[in-house]
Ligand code: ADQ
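Coming up is one lone chain in structure tokens, specifically the form predicted alone.
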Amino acid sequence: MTGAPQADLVIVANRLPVDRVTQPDGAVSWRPSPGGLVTALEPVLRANDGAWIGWPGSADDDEFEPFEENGLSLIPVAMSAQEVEEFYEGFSNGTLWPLYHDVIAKPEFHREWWDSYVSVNQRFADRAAEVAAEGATVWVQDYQLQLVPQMLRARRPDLRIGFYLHIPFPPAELFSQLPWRRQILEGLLGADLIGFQLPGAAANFVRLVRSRVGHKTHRDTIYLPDGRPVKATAFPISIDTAGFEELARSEAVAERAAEIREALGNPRRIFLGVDRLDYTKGIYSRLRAFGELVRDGHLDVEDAVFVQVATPSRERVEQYRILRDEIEMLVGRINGDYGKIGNPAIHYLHNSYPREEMAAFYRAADIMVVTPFRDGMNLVAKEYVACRFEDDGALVLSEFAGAAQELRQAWLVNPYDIDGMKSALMDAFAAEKRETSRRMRAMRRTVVQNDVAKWAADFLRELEELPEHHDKTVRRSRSS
């Protein structure tokens, strides 16, 4: 690879922070990707002579050269169509995603998927080894790249390596199903600091390392035989709180929120769900609960509507196509049975929207419904809270979302309990303003004090301050 800069801070993620746009004349340009991770890390990269390594997003055997976009140094990693199928759609999202999300869907274990996962992880590690300056910090992101820390350390032991997992990490009884469980654990142990969304996930990892790899551990620290300590601990991720609030306060978003309410017929209450179309998100169950409330006369379509935004996701994967069909059939049945002319019970939007439009939805909605079966964090819940600058609105939140540990003032629900979810929806619907204000004020205080910039700063500071060696006497690890 030619033209690669030497960077003091390297972010390694599955995707670049930009999306490729092909113009009508065939010319290629780039636009910034939406998302909190980019917002959090962009200023850190600029301040530290940093570079971002990632996949440009299209299957292409041709190598892109490193380039600069909006002042950011970007290092593309190419993937073939077969690698996209086996590494990304296969092992990452057909094996790891369901396994790490409590086997809501059955994971598949295919050796050719694993081989592709190893190959692509090695390519990312090689890029990082070439780009990182002497003694640089490398921060690897998420479940697609769990082998990179060890591969990178083998080539560049001078580096400080961090890893952050953005999804849940499962307990031993689930993780142990994975035929390549030891390789994943050892891959992660190449990092000096491993960050998780919640303390329970970090504890799961430490217990597995102790039982499956045999390393000595104490609380959140693992002592490796080569004298290097590894720390595994929780760093709950957050959002660009100030940015969302600024958007929500803007005149354009206020006007758009009023337009949305008008288009919905100015009902007394608007329920809102915003999710990637994924079987972990519990979309079907929440819409079913709302439909039953309408069916039983607790809610009337002229008084309450549900808007469900379902962002397209992994549409080439069969499970996701089936889920979309099931949800659309349910919405059609509920609207057919209980809707009225001009007043459907559920407005279903299978589309993605820019941040400004989402802020308008958050401002328009009286009740946000976030009910995943399992989620590492769920930033939508925090985005809604950030946009409610008048301390109004209600949040119905799954107790299995990572955000539930911070947003305790939400109406917490078990998404597997349809009747319990119906009760929570009605409680939020009927709550007096004084009650919703009390709850929202407390949740807003949490997201303001713990925004995404603090998350990034806390992680990088912890990584920098970790000792390089331990003085514990430890035995060599045993095979699993």
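Quantities reported herein were computed from a predicted structural model and do not represent experimental measurements. Just count from 1 along the sequence shown to find any residue number.
Beyond what is shown, the protein has a form predicted together with the ligand; the following relates to that form.
Colleague: Quick one: from 269, 182, 276, 155, grab the residue that has a heavy atom within 4.5 Å of the ligand in the predicted bound form.
Modeller: Exactly one listed residue reaches within 4.5 Å, namely 276.
Colleague: By the heavy atom within 4.5 Å rule, which residue out of 77, 404, 206, 380 makes contact with the ligand in the predicted bound form?
Modeller: Here the answer is residue option 380.
Colleague: Could you confirm whether residue 166 comes within 4.5 Å of the ligand in the predicted bound form, counting heavy atoms only?
Modeller: Yes, residue 166 lies within 4.5 Å of the ligand in the predicted bound form.
Colleague: Is residue 177 close enough to touch the ligand in the predicted bound form, meaning at least one heavy atom pair within 4.5 Å?
Modeller: Answer no; every heavy atom of residue 177 is more than 4.5 Å from the ligand in the predicted bound form.
Colleague: Is there any non-hydrogen atom of residue 281 lying within 4.5 Å of the ligand in the predicted bound form?
Modeller: Yes, residue 281 is a contact residue.
Colleague: If we define contact as a non-hydrogen atom of the residue within 4.5 angstroms of the partner, is residue 119 a contact of the ligand in the predicted bound form?
Modeller: Taking the distances in the predicted bound form, the answer for residue 119 is no, it never comes within 4.5 Å of the ligand.
Colleague: So which stretch, 111-119, 257-265, 333-341, 372-380, is the one near the ligand in the predicted bound form (non-hydrogen atoms, 4.5 Å)?
Modeller: Flagged stretch: 372-380.
Colleague: Within 4.5 Å of the ligand in the predicted bound form, do 97, 197 and 237 each have at least one heavy atom?
Modeller: All of them do, each having a heavy atom within 4.5 Å of the partner.
Colleague: Relative to the ligand in the predicted bound form, which residues of 302-323 have a heavy atom no more than 4.5 Å away?
Modeller: If the 4.5 Å heavy-atom criterion is applied to the ligand in the predicted bound form, 302-323 yields 309, 311.
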